[in-house]
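In structure tokens, one chain follows: the form predicted on its own.
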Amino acid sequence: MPNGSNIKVKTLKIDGKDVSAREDQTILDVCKENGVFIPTLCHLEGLSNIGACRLCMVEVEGSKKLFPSCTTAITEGMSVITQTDRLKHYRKMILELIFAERNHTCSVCVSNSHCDLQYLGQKMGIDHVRVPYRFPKQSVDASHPYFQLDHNRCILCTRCVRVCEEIEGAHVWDVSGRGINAKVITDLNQPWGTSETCTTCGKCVNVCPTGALSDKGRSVAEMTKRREFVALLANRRKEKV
């Protein structure tokens, strides 16, 4: 808790268990603190939450709606349910749609065995996809001297967009287009290597959950990601405010 703050403590239930938490926390924050696993892809500690992937949906007693746990603040007396057949059904469906949307072929991916999407697919028992694969023809941008972007692996979580703006302060990345035509871009859709705003810090590469962003020169399964720096930098900046 920040020094000198007047943040209050609230009590609630997570899967029937009484827990307490700060009033400024989200449902996902409280679940993580109490060891309750909720799948996420767009969420990364230290970055703003946008509720884009919808994998972290939970049920709240008294409501028929599903709530994104990463953007839903806790309330006093709230009773949250994180594991039901309904949630399992929707989470698997979301993952299947992500796998079908682009060309996620793990066996030839630079992030094979180091991929958040692959990990969740295995953990949630995805052994096939029930919708037709789109097999889109996506481009690869290898114009940067140190990094490369493979749109075939991108799941549009926008971690790269947020870390570049919120942590690095460069705002090189953005999203162009809508729906299935959306894609991440650098500057005004210029080749990454020609970007005049990129600082070559590599933060975007390290927070990417898949093999969409990777170091050049990495072969299949060699690209590991280092993400702990995001929360560390974010906390240090808060302490200075």
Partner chain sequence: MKVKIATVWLDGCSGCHMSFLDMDERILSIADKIELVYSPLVDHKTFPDMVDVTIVEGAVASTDDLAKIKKIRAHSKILIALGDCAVNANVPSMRNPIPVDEIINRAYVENALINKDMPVHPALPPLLKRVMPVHEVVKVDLFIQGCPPKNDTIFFAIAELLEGRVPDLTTMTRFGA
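Numbering follows the first chain given and starts at 1. What you are looking at is a predicted structure, and each value in this text was computed from that prediction instead of being measured.
Another form, the form predicted together with its partner chain, is not on view; read the next lines as being about it.
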Inset, instruction - Please determine, with the chain shown alone, which of 139-147, 101-109, 68-76, 164-172 has non-hydrogen atoms within 4.5 Å of its partner chain in the predicted complex. - result: 101-109
Legend entry - 94, 155, 126, 87 - the one with a heavy atom within 4.5 Å of its partner chain in the predicted complex: 126
Legend entry - 4.5 Å heavy atom contact, residue 122 to its partner chain in the predicted complex: yes
Inset, instruction - Answer for residue 113 alone: is it within 4.5 Å of its partner chain in the predicted complex, judged on heavy atom distances? - result: yes
Inset, instruction - Mark residue 82 yes when one of its heavy atoms lies within 4.5 Å of a heavy atom of its partner chain in the predicted complex, and no otherwise. - result: no
